[in-house]
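A lone chain, given as structure tokens: the form predicted on its own.
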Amino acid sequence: MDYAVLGKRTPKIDGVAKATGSARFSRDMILPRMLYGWILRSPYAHARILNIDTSRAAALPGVKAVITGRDTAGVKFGVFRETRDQYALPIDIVRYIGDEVAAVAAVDEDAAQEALELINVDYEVLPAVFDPLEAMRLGAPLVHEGVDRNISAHVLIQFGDIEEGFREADHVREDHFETANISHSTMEPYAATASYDPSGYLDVWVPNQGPFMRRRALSNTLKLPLDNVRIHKVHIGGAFGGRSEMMSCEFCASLLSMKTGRPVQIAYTREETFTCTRQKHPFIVDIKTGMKWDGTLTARQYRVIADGGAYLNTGPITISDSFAIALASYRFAHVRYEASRIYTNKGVRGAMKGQGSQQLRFAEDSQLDMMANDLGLDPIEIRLKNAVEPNEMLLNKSRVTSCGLKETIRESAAAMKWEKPSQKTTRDGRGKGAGISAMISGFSMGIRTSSSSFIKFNEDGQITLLSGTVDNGQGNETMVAIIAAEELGIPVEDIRVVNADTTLTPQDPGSYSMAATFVSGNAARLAAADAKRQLLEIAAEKLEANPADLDIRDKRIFVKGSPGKGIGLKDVVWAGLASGRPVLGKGHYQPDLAFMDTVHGKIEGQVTGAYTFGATVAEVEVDRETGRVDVTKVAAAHDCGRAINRMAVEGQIDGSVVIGQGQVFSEEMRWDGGQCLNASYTSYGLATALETPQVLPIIVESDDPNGPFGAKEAAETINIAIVPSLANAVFHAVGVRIQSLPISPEKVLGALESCKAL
């Protein structure tokens, strides 16, 4: 089909504002009489709070309020009722270094920081545990009393007969893999501004991925009516899953504002942003796979241990969703998955791009190449043989409505001129490796599963589109504008998007769970279709024609086949207003999904609106003298259903490759017990432009029957597939297999030395 704006290269709506520096982030909010807040944090990994004396801090000139856990309503927060185990300000026990103890608001930041030093806290230091395996042992210190062996969540999922599956196999491997604790590394340090109105209304500006979920959490913890809390739209400097949950930052700013009657802003330091927001779960994965001589997979068994840190919150989603996503990549008849998330006295782990799939895929696709090497098979052919196909019913009774997985494998391999590697490796320091992945486009989130949009035509023929979707930089505002523009036959620049404001815009899932394009985009299209219907009905009266015979293009409504017989769009809008029929479009979309109980690992039924797929082939050069790995080129093919904005999809592919590259080779939060040693970009190891490889983005369009114009998710899949692709390329280059991330120069050199000693 020949689209007018869909599938073209459209600049982002907010591009000029960001390029010129006029975009306003939460730290840019400067309100009259605003106070500045700081949070006192625990110096201990585990301790009981015996007493807090705030009298000296409260008496300091310039200090307007001091709060502790005793000043709160004592309500724990979290996404699910049964996973709420964290106070925004702890009342009796702190569980990691950096846990919040008290907060102050003062006329300037200097006074606020000085006040923190005047707060006296008496602690009883408690035994702490930092390693998940040690935490599971009988007799280990309990991070939360009454939690058996510190297991905060546990799921066991089985399909088929796992033992029968291994008996059918000709070759079985068991391997052990580990991934690192990673920071979301958002360029914007976390900050929140809150302003409480004497009439009882609270306004909050905070980076977030789901304003409606954030509103609910603040309403619950502050004991305010839901409608009295307004989350405003702000520009957001990165999220990657780490802005999904409420943080103590906005809670403390809000409570301090309620106490003082003045706006309060709290801005985290870079160190606080690293250690006191959310982090990526490190996984320990033991995986056993069965395969026939021809490469056909017969069975797979997982045992996963995830270090969850001090609190639970969204943790069960990570260990359940990762397996639900894994089921959509390769075909199996028999599988067993057991995963445990463990409490430790470290910072809290939460959602991050891929929801645990990156960790699992590192193990799955690394082992797949190891088995291909054992049997002398081509890694690309093994993937093609076992890849999921369109209309396939997965083991959990979830149907794949569209699938371009095999096309992504073939096209990425062709772009890199893939040839079957030798049975061993090149061992010349240069190698290629492949990886694949799947991802979901939305999943069951209760009342937040669906999205609504409104369209209002103004008298000049331009429109205002109201959508609850959040734009964290990926281009969601532009995406919904393109969809509406295509449906209505008007230019994108004639659409103003108002979004992510809980008072102005309708309910939306948020930009997590990969739902923006599939769910929010569908709602925008339906709203546009409703507005179009109204326009055509009004125009039909003017043109004395049947509405079904009319179309809209280039700001005109005309009779199909007779472009000369038409009327200007503006004139139709005026006619509607004059006759008491303003054009107001409404759209609502909710995918038909089964309920997913991720807390207990219940993932059967249609778990997502659509699956997306991707494949990467990476080329690396390894210096045998230093162990340094340079990524030279990556071909990344992504099945996004239909590219709404090719420029944005290509940008997501590029970004996903670079994010994955950093996490494979250099990123890791290093710890001494419960103390993070490298909470700074000078020592953390974030990949920079200097390490960025040549990326060949390939868009595969499978045209999903339920997506808006056939579109699906276009952000996560490549970020997962690139991880095993790079690990496999290193093995092909030098013949050593690194089974823990990051693949640092030290690990490469150590593995090479071990090989020499054999």
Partner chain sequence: MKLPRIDYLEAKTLPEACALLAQGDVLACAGGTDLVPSMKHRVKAPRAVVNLKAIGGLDYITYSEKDGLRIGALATLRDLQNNKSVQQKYPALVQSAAMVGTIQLQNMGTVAGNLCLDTRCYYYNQSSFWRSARPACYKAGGEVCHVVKRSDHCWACYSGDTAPAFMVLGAKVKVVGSKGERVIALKQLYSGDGQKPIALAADELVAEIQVPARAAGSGSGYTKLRIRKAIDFPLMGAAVWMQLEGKAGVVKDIRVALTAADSAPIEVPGAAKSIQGKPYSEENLAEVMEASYKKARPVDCVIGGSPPYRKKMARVFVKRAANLAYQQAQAK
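In this text, all values refer to a predicted model and were calculated from it rather than measured experimentally. Numbering follows the first chain given and starts at 1.
What comes next is about the form predicted together with its partner chain, which does not appear here.
The stretch from 267 to 275, 125 to 133, 430 to 438, 292 to 300 that comes within 4.5 Å of its partner chain in the predicted bound form, counting heavy atoms only, is 267 to 275.
None of L686, V388, I151, I287 but one reaches within 4.5 angstroms of its partner chain in the predicted bound form through a heavy atom, and that residue is L686.
Think of it this way: in the predicted bound form, its partner chain has a heavy atom of just one of G165, P316, G609, G98 within 4.5 Å, and the residue is G98. For N678, a non-hydrogen atom is located within 4.5 Å of its partner chain in the predicted bound form, even though that partner is not displayed. At least one heavy atom of E114 is located within 4.5 Å of its partner chain in the predicted bound form. Contact check for S666: a non-hydrogen atom falls within 4.5 Å of its partner chain in the predicted bound form.
Its partner chain is not shown here, and in the predicted bound form it never comes within 4.5 Å of any heavy atom of N706. Proximity of W38, R41 and E746 to its partner chain in the predicted bound form is complete: all three residues have a non-hydrogen atom within 4.5 angstroms.
Residues are counted as partner-facing when one of their heavy atoms sits within 4.5 Å of its partner chain in the predicted bound form; in 613 to 642 these are D623, E625, T626, R628, D630, in sequence order.
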